[in-house]
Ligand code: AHR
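Presented below, as structure tokens, is a lone chain in the form predicted on its own.
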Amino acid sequence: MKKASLILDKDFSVGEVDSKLFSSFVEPLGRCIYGGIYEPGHPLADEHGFRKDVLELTRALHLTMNRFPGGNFVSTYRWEDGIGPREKRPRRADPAWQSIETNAFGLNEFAEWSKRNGSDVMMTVNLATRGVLEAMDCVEYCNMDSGTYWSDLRASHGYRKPHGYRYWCLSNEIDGVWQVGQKHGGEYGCLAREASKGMKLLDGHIKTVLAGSSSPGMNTFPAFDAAALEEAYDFVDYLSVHQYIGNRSGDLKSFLARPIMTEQFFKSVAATCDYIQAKVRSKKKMLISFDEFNVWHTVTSEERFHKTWQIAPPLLEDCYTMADAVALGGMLLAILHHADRIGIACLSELVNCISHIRTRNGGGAWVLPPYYVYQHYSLYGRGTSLRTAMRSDTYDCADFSEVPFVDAAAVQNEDGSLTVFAINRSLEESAPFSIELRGFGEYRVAQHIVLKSDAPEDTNSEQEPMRVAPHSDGNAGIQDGLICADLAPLSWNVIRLVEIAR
């Protein structure tokens, strides 16, 4: 029997959870947009061509912000292609994904969709194959009120009021050899500094995000990040980092342990930022924008170039399972553990591609098991992240040693309630789990939500959309002054506690 315990003390917190930690990512990749959020002619399309069934599923995630439009796509993107009358917009070859981009869905369509979704937009500018002036033009078009060429052009397109986007990414994964316009760290840092300066001269309220290394596995990490930061540190507000975890080897125990790498990654990124802060003698503490992360198994080279130059081909549509839900849960716990340094987090992507929302062109929409994990995190993860003193039995596997079977994070919500998120990585055994509260007063268990299934490979489909779904039948309760629960094998758990009024 795998035992675990957690101690929470009211006086020990990580920090406030920024509302932008509940964000996502939308890129014109595969069927994320076309056939995903946008499908004119679909029986459930609204007057703008937005699928109402998809809007219902994305609204239920209560997303704060969506990053747009990339991603690798942005490295050859001309943002002007997606504005003005659709019939005048050019079709372009998208070399990043070997597809055809029609530009039927552009900047203003995404602004309109985001309003209906209840979320803000984090724009990404192309500093790979374009430059400072084009980035400034985009800010002028989106954010300036009127009286200039680009702001008046926006008004002529039917948007008199500025979009007012506050968060701007300065390109994407620009150290990657797969990028058109790849750059060295210092070279990119100088370009990003000048772009950020110019953009902020147009709108002093915006925050800019410097693109860091594409992943912790890159041989450029963390040297690229350090070199770029050294050039741009006091002119930008966040450092962007990305990470995907997968199970291409088929070793399930190692896969479930991979969020340990996420924890290590955050520590390395923070250390790099702090080193450059000391080196340039800045007073500012750099925040992290974790603006691409997810579970991702697909080997892109096998699928990406199978049928080239199509419009919205079905790319990177992994069939996410219960095991993926637990692995994603581990990544979300790591984000909450580092809420003092992570100011933005965008789950990649929102629909179809590397996503937990799936659609059929002309047909239905359904969700895969990890969707519920992210939904719970977004609903109940807002407030103050608490420091967790965890004890758990451990296991060894091919890639890791002393992996805790149980991991947890806790948040004191804005209404004073407490939420504990916990995963059990064991494939065979339930785990008795106890929580000791110190200094919080007297609480009772309001709800114990459980997501589990009979087998790690279980998932949902259009025919069986609720095969894996959460329930509130968990057995958490009070025993001898402790909150106690049995965590089912391979499960995601949300234990919600409310204070007993005196």
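Since we're looking at a predicted model, the values are computed, not measured. For every residue, the number given is its place in the sequence shown, counted from 1.
Omitted here: the form predicted in complex with this ligand. The next part is about that form.
- Taking the partner from elsewhere, no residue among F50, W113 and Y159 has a non-hydrogen atom within 4.5 angstroms of this ligand in the model of the complex.
- Only one segment in the set 135 to 143, 98 to 106, 273 to 281, 172 to 180 has residues whose heavy atoms sit within 4.5 Å of this ligand in the model of the complex; it is 172 to 180.
- Contact annotation for G189: none of its heavy atoms lies within 4.5 Å of this ligand in the model of the complex.
- The closest non-hydrogen atom of S196 lies beyond 4.5 Å of this ligand in the model of the complex.
- Of the heavy atoms in G381, none are within 4.5 Å of this ligand in the model of the complex.
- Contact between S392 and this ligand in the model of the complex is not found at the 4.5 Å heavy atom cutoff.
- Screening P259, G71, G82, P369 for any heavy atom within 4.5 Å of this ligand in the model of the complex leaves a single hit, G71.
- The contact residue chosen from W150, F221, F235, W296 relative to this ligand in the model of the complex is W296, the criterion being a non-hydrogen atom within 4.5 angstroms.
- Taking this ligand as it sits in the model of the complex, the stretch 196 to 218 never comes within 4.5 angstroms of it through any non-hydrogen atom.
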